[in-house]
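Take a look at this single chain in structure tokens; it is the form predicted alone.
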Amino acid sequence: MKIALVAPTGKIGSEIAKEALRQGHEVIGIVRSDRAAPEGLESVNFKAVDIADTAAFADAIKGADVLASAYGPQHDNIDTVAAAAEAIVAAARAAGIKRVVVIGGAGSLEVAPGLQLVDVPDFPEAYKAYALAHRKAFNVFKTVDDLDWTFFSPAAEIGPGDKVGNYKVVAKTFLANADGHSKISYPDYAEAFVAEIEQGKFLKDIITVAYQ
């Protein structure tokens, strides 16, 4: 497959790009500015583009089978997540790409029917702005009927680690193991993310992955 990937050089995005390359896919990397290819990503076709420029963005990704995104700014730029979601939808439409898979936030997953994790009373304040910003992005995708989108939220804890497998992928529901921990490594998340790109099991839905 030809996969266009927004933000392919970040902690999660680079793992997704590497996994896609390992699986034999072609990767178009959408970045903000020209740069040398990081180690392990030499085969990525990097294109510098402002994703807010729909025409330029669409031109850069034209011909791709899937538009994926690892866009996830931190701190002062966190409120740009919803705008990025709108830009991704607009560019996919303009480029004629029907399949979209994006990184989401665990806060939008349900802990009970109709109750999202971010709305529970003891949700950590330090992560609330991040969770609410990603919920705005999720709400953007929920209005989209003409694209086969998937909003792929990691476990509550995601970080460096090995590929160990033993994870589960489900729709809508916050996942934790028997000890109550919700965790996944970057490489295992990337493996599950690329598998969803390939298989398209969860269309127009929010999903997550966590160790069991």
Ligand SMILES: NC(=O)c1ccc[n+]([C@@H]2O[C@H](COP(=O)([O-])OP(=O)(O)OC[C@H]3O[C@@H](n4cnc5c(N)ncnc54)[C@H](OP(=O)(O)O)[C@@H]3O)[C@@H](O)[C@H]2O)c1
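Computed from a predicted model, the values in this text were never measured in an experiment. Residue indices: 1-based, along the sequence shown.
Below, we turn to the form predicted together with the named molecule, even though it does not appear here.
You can rule out all but one of 164-172, 59-67, 140-148, 28-36: in the model of the complex, only 28-36 has residues with a heavy atom within 4.5 Å of the named molecule. Looking at Ala7, you'd find a heavy atom of it within 4.5 angstroms of the named molecule in the model of the complex. Contact check for Ala106: a heavy atom falls within 4.5 Å of the named molecule in the model of the complex. The named molecule is not drawn, but in the model of the complex it has no heavy atom within 4.5 Å of Ala20.
Not displayed here, the named molecule is approached by Ile158 to within 4.5 Å at the level of heavy atoms in the model of the complex.
In the model of the complex, His134 is the single residue of 131-149 with at least one heavy atom within 4.5 Å of the named molecule.
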